[in-house]
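There is one chain below, alone, in structure tokens, taken in the form predicted alone.
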């Protein structure tokens, strides 16, 4: 469970609910807005494409063209920034995600080979076996939390096998992942407490110790896995330091399951909300790839991507200072009517789907092919082994604790076997 918000954090957070002169409000922490942000996004695209949050060094950006332009230009818009108000001594060294070229380029090149389309396709048979086993067990139980039964274990088992760590440790992985992302995005607006940072650093130290033991083992007994490849790169000296290797492994473990878990859950919810689309997908399995990309667009698992302005500039008449933080709202860009005709409609057969859900530019998600395939495999297994599935009740589902992600942490379903 996420750490409770302190009274001081809550007081500062409440100031985020800014209003423009015409009464437009955008509070990314508001629960109702998080559940259904799309009317707010649509108005923002029309009237407030650049929205400064009063009292904070943060600007929100909503249009596709602006988001794409920002994400592809690391010279003007850096991914390396320090959150105001955080003690630098408590901040760990950044992972590849928090670096710009050329440092980012060097590190990304070391792991790109693990996620090529050919290698990902080679994992497909194993993914189908894992998904079939998980869904069979879920159908046997009839009523399950699909997050616990499928959407979390499938991605974590797959990324664990790619890296080369025991899948039986997945409960430990889930704890680490939950702590790592619970406040993600929050610090853009409200500096986290010292206690929260210490909790995060304690988990990072646990992960460092865990991976250091496994790395020592790979030095003695190499295997055909990503961990061995990273250890060998470390041993070459100039390519990867021990600290870089550990940051990379932690990033891959967390990123390798968090987004895909939300993607699969969002897909199931979208299909339940659109029974005609669900019926069509049952009848036309060839639509699975386009259906997954439509979920990525329509219900983007990652809702926002922040950058830091490296120089003063102007955007749509708004002055942006050097070092100001700009939050690119992918969830809004992916419904921009200038790019997606009838963008509010969920269409599993949509073509020319140029969504930005995996980012854009140098930080485009290196696991995009893996995430797509895992979601297709999970949905195929669910459709193969059920004649129907439905929500157990209509109670509001618990939201992901981070404003970065769109997803739920529990999804109780009733499964009807074939």
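Quantities reported herein were computed from a predicted structural model and do not represent experimental measurements. Residue numbers count along the first chain shown, from 1.
The discussion below concerns the form predicted in complex with a small molecule, not included here.
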Of the options 270, 136, 251, 315, which one has a non-hydrogen atom that comes within 4.5 Å of the small molecule in the predicted complex? 251
Identify which of 29, 364, 56, 38 has a heavy atom within 4.5 Å of the small molecule in the predicted complex; exactly one of them does. 364
Heavy atoms within 4.5 Å of the small molecule in the predicted complex: which stretch in 43-51, 386-394, 30-38, 353-361 meets that? 353-361
Run the contact test on 174, 377 and 409 with a 4.5 Å heavy atom cut-off to the small molecule in the predicted complex and return yes or no. no
Partner contact for residue 170 in the predicted complex: the small molecule, 4.5 angstroms, heavy atom: no
Quick one: is residue 301 in contact with the small molecule in the predicted complex, heavy atoms, 4.5 Å cut-off? yes
Considering non-hydrogen atoms and a 4.5 Å limit, does the small molecule approach residue 287 in the predicted complex? no
Would you please decide whether residue 260 lies within 4.5 angstroms of the small molecule in the predicted complex, comparing each non-hydrogen atom pair? yes
